[in-house]
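Shown here is one chain on its own, the form predicted on its own, set out as C-alpha cells.
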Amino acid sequence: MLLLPISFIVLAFILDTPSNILKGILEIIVSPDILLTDYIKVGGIGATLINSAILTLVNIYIIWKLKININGPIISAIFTIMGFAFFGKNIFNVWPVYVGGYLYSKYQKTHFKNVMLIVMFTTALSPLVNELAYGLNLPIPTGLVLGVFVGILVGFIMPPLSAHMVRVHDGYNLYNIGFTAGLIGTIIMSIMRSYGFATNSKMILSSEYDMFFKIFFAIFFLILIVLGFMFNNKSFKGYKRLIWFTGRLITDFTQLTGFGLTLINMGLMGLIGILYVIITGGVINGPVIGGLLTLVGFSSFGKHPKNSIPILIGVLIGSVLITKEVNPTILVITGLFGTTIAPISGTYGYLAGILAGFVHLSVVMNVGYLHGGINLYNNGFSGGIVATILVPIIDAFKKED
C-alpha cells in the first residue's frame, strides 16, 4: 500500500516545481470542494499528487499506530481516501471528522481503533468543512469555526447511524457510509437552504494528463497482478472460487481467499476499469482516478468481474437510451462507482445486475441536488436507494417463481 503514495511523491517533483506544489496545495485547501471539483485543475498535478500521498500515508501511519490488522475493509478505505484526495478530500478538511470520531469513541468508552474504519469513510462529507468555511461568503473566522464544528459533529454521529443504515439495504450497497452520508447531507443542505444558504454544483475538470494516467495506472494494476501471482505460489489457482462470492457485505477476500488472489482481483478490476474508461470515450481526470482507485480498493472487499461487469453494462445501456445528455465524466464515474451495487448481480444474476446499473444511472443523476454536492459518495447514496427498492421487488418475484 506504500507503493502508490510514494510513487505519487516522486511523480509530483518530476512533473511540477516545489513552488508550484506549495502554491497549489494552498489553492486546494481554500477551494470549496463540492462535486465535481478536480484538484488537478484547481491546484495542479504536483499539489494533487502530494495531497493524495500525504493523506494516504498519514492514514496508514494511524492504522499502524493503532495496530489495526490489514484486511479487505481497511484496504478499501485506504484506496478510497487515496482516490478522493484527487477531488474533494484534502489535508485540511478531513481532520475535523477524525476529531469527531475520536470524541465519539471517548464518549462510548471504546478504543478509537473500533471506529477508525467508519471515520475514514466518513470523510465523504469533508467538503462540508470547506463549503462552510469558504463557500458561503461568511467572514472567514466565522466560516472556519462553523465548518470545523460541523465536521466534528458529522464525525461524532456517523458511527451509530451507519450501523443502523446497513440494515436498510441489507448489505447490497457496498458504500454503506455513502448512503448514510447522503441522508445526513440532505438534512444539512435542507437546513442551509431554509436559511438562504445555497450551493451550486460544479464541473471543474482536467483533461491534460489522460494518457499519462492511463499508462501509469495500467502498469500499477499489472504489478498488482504479478505480486498476487507470486504470493499465490506462482499461480492463479483459486480465482474461480473468488468470483463465485456474491460480494454482499461483509465479503472480505483477504480472509476468504488470501492476499495473493485478492491482489490479482484488484489488479484485474483496475484493468477492467481502464477499459471501461476507453470504451465510454472518457478521459482520466481527478474524479475518474477516484473511481478507479475506489473500484480497485473494494475489489478486496466484495467486487469482482462476475458481479461488477453487469452493472457497467447496465449503466452503458442506460446512457444510450436516456434522453438527457450525459457528461462523459459523469458516465465514467457512474459506472466505476456504481459497482457499489455489485452484490445485486452477485446474488440474483447478471440480468438483475444490468437492471440495477440501468436504474442507478438515472437515480445518481438526480440525487446530487438533495445534498448539494457535499457528499462525495453520491453513488453510494444512489446505490443505497436502488438496492433498498430493487432487492425486495426481485425477492418478491423470485418467491413467486
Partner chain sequence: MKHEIKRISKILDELITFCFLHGTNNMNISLENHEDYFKIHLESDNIDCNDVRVQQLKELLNYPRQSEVEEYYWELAGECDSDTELTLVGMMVDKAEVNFDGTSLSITLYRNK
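Positions refer to the first chain, counted from 1. None of these values were measured; they are calculated from a predicted model.
Below, we refer to the form predicted together with its partner chain, which is not included among the displayed structures.
Trainee: Looking at I272, I184, V94, L117 here, can you tell me which has any non-hydrogen atom within 4.5 angstroms of its partner chain in the predicted complex?
Mentor: That would be L117.
Trainee: Pick from G100, G147, G267, P73: which has a non-hydrogen atom within 4.5 Å of its partner chain in the predicted complex?
Mentor: Answer to the contact question: P73.
Trainee: Spot the stretch among 324 to 332, 191 to 199, 245 to 253, 149 to 157 with residues whose non-hydrogen atoms come within 4.5 Å of its partner chain in the predicted complex.
Mentor: Selected stretch: 245 to 253.
Trainee: Verify the contact flag for G171: yes if a non-hydrogen atom of it lies within 4.5 Å of a non-hydrogen atom of its partner chain in the predicted complex, no if not.
Mentor: Result yes; G171 sits at the interface with its partner chain in the predicted complex.
Trainee: At the 4.5 Å heavy atom threshold, is K306 in contact with its partner chain in the predicted complex?
Mentor: It does not: once its partner chain is placed as it appears in the predicted complex, K306 has no heavy atom within 4.5 Å of it.
Trainee: Might S162 be said to contact its partner chain in the predicted complex, defining contact as any heavy atom within 4.5 Å?
Mentor: Within the cut-off, so yes.
Trainee: Looking at the partner-bound form in the predicted complex, is N176 within 4.5 Å of its partner chain by any heavy atom?
Mentor: Yes, contact at 4.5 Å.
Trainee: Can you tell me which residues in 283 to 314 come within 4.5 angstroms of its partner chain in the predicted complex, by heavy atoms?
Mentor: Contacting residue: only F301.
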